[in-house]
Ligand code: 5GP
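Coming up is one lone chain in structure tokens, specifically the form predicted alone.
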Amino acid sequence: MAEVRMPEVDRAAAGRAAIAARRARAAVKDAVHRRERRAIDVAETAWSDPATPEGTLRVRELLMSIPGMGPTRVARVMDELGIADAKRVGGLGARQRERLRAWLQAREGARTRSRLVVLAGPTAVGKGTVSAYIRENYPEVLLSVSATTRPPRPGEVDGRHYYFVDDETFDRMIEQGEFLEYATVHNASRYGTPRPPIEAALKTGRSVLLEIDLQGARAVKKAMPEALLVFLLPPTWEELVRRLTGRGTESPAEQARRLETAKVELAAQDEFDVKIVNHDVGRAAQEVVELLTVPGTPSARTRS
């Protein structure tokens, strides 16, 4: 029997239609990610007309477009809801729709709850790298900017990475009660977290990510017990040593001192609410961002 082939004109038209459909779905996901549309509204549109771009969107794609939702959490949520990975929003059954609707509505209500997440860990574990990744890829996340008396490292920008101040200015800020916490790190430079910007953000319902050292994390927890403490771990001690010696920003004597400090810092990890292993910067950043948007304080656990 001769093979029946689609005419070239029809094939071209089908190709253009497929491209247009993909672009329409991409626009829906982008609108959700930018918070221009609510995920629950996209779902309701899909259920009213499964043939729309919203209806042909996979559930996994819709959840992934929600700010703060990474692959790990999306997989967990879909498993909890009993929805297969290939399912499209418009193709869900009645019970699946109700479960997804309830989950999205609960998340919408929780999204306005502010939370202070404190990210700490041993020296050279990659806290700054993870924070920088979040800054570049999750613009909706508000990162607190610390003040420090140390000089800037290559590439660091005043007001973005840190507020670089002299000792006199730092003393004045202490006297005026402008710090949520402050400490001397590695027996050298001083670091402090300006209090007013954090308090203002939390009052308006915005969550804040604060990247600081171990001493600072303890001080913040004492001042704000509701803060969620996250400890960033290296995959292995050998990898931590490699990262510290490989960045070339400290002398051999300074490296040795920082490694001794790291041993002390690692021993304090059980003081934290959540532990995240920094195997990969992007994955670790996603885990941190998820904690900013998930209601409730989780029990101590390790994510790896």
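So that there is no doubt, residue numbering starts at 1 and follows the sequence shown. As the structure is a prediction and not an experimental result, all values here were calculated from the model. Take the two forms, superpose them, and find the largest set of C-alpha atoms that agree within 1.5 Å; that set is the rigid core.
As for the form predicted together with guanosine-5'-monophosphate (5GP), it is not shown, yet the points below apply to it.
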query	finding
Stretch in contact in the predicted bound form with guanosine-5'-monophosphate (5GP), which is absent here, among 87-95, 229-237, 143-151, 201-209 (heavy atoms within 4.5 Å)	143-151
Close approach of residue 223 to guanosine-5'-monophosphate (5GP) in the predicted bound form, 4.5 Å, heavy atom	no
Interface membership of residue 77, guanosine-5'-monophosphate (5GP) in the predicted bound form, 4.5 Å heavy atom rule	no
guanosine-5'-monophosphate (5GP) contact at residue 127 in the predicted bound form, heavy atom, 4.5 Å	yes
Interface membership of residue 133, guanosine-5'-monophosphate (5GP) in the predicted bound form, 4.5 Å heavy atom rule	no
Contact check for 185, 193 and 213 against guanosine-5'-monophosphate (5GP) in the predicted bound form, heavy atom at 4.5 Å	yes
Residue 258 C-alpha relocation of at least 2 Å between this form and the one not shown, rigid core basis	yes
